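This document starts with one chain, in the form predicted on its own, laid out as structure tokens.
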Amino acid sequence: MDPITLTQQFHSHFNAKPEAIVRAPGRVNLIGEHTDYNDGFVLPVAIDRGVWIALRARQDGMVRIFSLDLEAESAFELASLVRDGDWIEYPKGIANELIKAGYKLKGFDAVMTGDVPRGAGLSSSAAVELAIARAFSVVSGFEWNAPVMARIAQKAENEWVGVNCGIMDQMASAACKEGFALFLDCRSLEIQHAPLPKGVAVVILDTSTRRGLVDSAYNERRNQCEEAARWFGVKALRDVSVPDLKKWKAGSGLSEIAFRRARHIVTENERVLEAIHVMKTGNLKRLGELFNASHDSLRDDFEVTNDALNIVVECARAESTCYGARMTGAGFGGCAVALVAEEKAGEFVQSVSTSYRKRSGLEASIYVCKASEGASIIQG
């Protein structure tokens, strides 16, 4: 979003100039799928699609937000937060958690817009949460601490909105650095920044299929992982090594299906750790191989792909300019992510769009992305 356009929109709605513009990005997970609830490792990257808020402080405790995308205004009082089920629950939840954490908040007027595709698994909700938190930090004058704000946003989504998400989305939107992926240890919440190799584009391939049955399948996978962790005698599958997998044999008290779920998690954690190393050395070929191995494991051992995801990944891998491709997110629909030679990204998009349409009968939405900065002040 162009800051000049957003400023004009604010002026036409509130008849005043905004004091600041803040932005928070969506994210895509490069590698490390279903590892988060097993205390494992993930490697998301913030994308150059996000949520922008132009704002101006108020002297009372009112927060008024006009959503350009929904063409709707909603408001709430900081002193009397109540749920009413509207889109404004995300901002309200952030306000509620900040107040509970002891922050003294001021109200503001705001115009909000975003370009993260909704329902594609690119975390538009985390982008809204972190943009709102950044807006409160600007008008209320408190110091911005990205990991702390990520945890506050996660609590808001868990406890106010009622979505039982992990910390990855919020941490990526809060703490990523431009040009880097974010390595996150989901047990310790320790983070480090891993540089994306030069000359590569992150391409998101939206299959145009949406995740069906994901809640029941997710709970089933989670239970199978916990069953396997108990069999291995550990707190979580994070604590199982690849050599440990050799302890299993048929008839040993752990079903084959639970073992295969465990094998995905254990090998996926290894792939994330190797990915950080090869990113630091700029080894794109090996990074692509890790992407491919991750998808194959999610398809065969964790069984969370669908036909559309498998087809779009095969179409991507067929291109000589593609280093590797894999499904990303919960699975059963949604998006895949590919690493592509940057100067050939346009040709890649055209070719994969055509081949995916021929094979699936569906239209893919394809986004060529750059690794972007976490929640930040754009102006003011």
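In this text the structure is predicted, and so the values were computed from the model without any measurement. All residue numbers refer to positions in the sequence shown, first residue = 1. Rigid core (definition): largest C-alpha set, two forms, superposition within 1.5 Å.
The discussion below concerns the form predicted in complex with alpha-D-galactopyranose, not included here.
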| field | All of Tyr37, Cys165 and Tyr218 with a heavy atom within 4.5 Å of alpha-D-galactopyranose in the predicted complex | value | yes
| query | Using heavy atoms and a 4.5 Å limit, would one call Gly333 a contact residue for alpha-D-galactopyranose in the predicted complex? | reply | no
| message | I'd like to know whether Pro44 contacts alpha-D-galactopyranose in the predicted complex, with contact meaning heavy atoms within 4.5 angstroms. | response | no
| Gly324: touches alpha-D-galactopyranose in the predicted complex, heavy atom cutoff 4.5 angstroms | no
| note | With a 4.5 Å heavy atom cut-off to alpha-D-galactopyranose in the predicted complex, the contacting stretch among 237-245, 250-258, 165-173, 102-110 is 165-173
| request: Note that alpha-D-galactopyranose is not shown here; using its position in the predicted complex, name the residues of 14-34 with a heavy atom within 4.5 Å of it, in sequence order. | output: Arg27, Gly32, Glu33, His34
| said: Tell me whether Ala181 is among the residues that move between the shown form and the other one (Cα shift of 2 angstroms or more, core superposed). | reply: no
| task | Superpose on the rigid core, then tell me if the C-alpha of Phe302 is displaced by 2 angstroms or more between the shown form and the other one. | result | yes
| Cα of Ile265 displaced 2 Å or more between the shown form and the other one, core superposed? | yes
